[in-house]
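Next up: a single chain in structure tokens, the form predicted on its own.
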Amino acid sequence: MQIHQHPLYVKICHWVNALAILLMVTSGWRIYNASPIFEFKFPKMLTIGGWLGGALQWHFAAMWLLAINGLIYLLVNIISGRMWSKFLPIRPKQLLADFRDALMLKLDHSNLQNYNAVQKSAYLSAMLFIIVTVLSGLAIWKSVQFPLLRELMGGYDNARIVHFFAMSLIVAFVFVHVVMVTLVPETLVAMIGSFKRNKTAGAKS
């Protein structure tokens, strides 16, 4: 019998992160609607805050939640060595093979303790997207206080574009992540409690 269970801090950080991203994205869409970058606006029913000031309050509150939770997750992962044991290395040949299997819904999920190369790449990319989103958000929010960060983003207006596309990549990651969870629901069980499976049993998606 194999027991698949994530460390408690991983579960807490995962769900806090999910809440923070939901609040940041929906309030961010309301902020975007007040001064759109492109020729479209997000449906009001998908936003929170009610008005620009309310959306900004939600966005800043969720920002601290996301930043502090993310720092805790990264620090504990780095100090414990989990960052290297769970997410690295990523070998190009294995990544291509796993990506091909993923497209054919043949990825092996019999051992939820170990991430395949596609999962490793996706999770590391999501961490990078969040870091870029936070930094570009700082360049927008505190443009005067962080001139170097603003210039690294290509100026205030470009920082808004970077922020928008980094947010879009996070939303795309969440969408794919939710689809994969529906295909392999054991991963959701393991992220809530623990999942037990006979060693002879397997799961593919």
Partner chain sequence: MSNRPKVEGVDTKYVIKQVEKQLDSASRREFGKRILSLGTLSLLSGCVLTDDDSIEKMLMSVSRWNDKVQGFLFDPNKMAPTYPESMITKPFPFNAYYGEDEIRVVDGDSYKLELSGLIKERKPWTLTQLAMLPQTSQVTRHICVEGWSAIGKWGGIRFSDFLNMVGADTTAKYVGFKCADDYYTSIDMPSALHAQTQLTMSFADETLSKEYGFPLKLRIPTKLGFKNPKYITEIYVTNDYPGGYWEDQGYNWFSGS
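In this text the structure is predicted, and so the values were computed from the model without any measurement. Positions refer to the first chain, counted from 1.
The discussion below concerns the form predicted in complex with its partner chain, not included here.
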property: Contact residue in the model of the complex, from V171, A67, I161, I31 (heavy atom within 4.5 Å of its partner chain); result: I31
property: 4.5 Å heavy atom contact with its partner chain in the model of the complex for all of I78, W84 and F165; result: no
property: Any non-hydrogen atom of V179 within 4.5 angstroms of its partner chain in the model of the complex; result: no
property: 4.5 angstroms heavy atom contact with its partner chain in the model of the complex for P43; result: no
property: Its partner chain contact at M63 in the model of the complex, heavy atom, 4.5 Å; result: yes
property: L22: touches its partner chain in the model of the complex, heavy atom cutoff 4.5 angstroms; result: yes
property: Residues of 154 to 179 having any heavy atom within 4.5 Å of its partner chain in the model of the complex, listed in sequence order; result: Y156, D157, R160
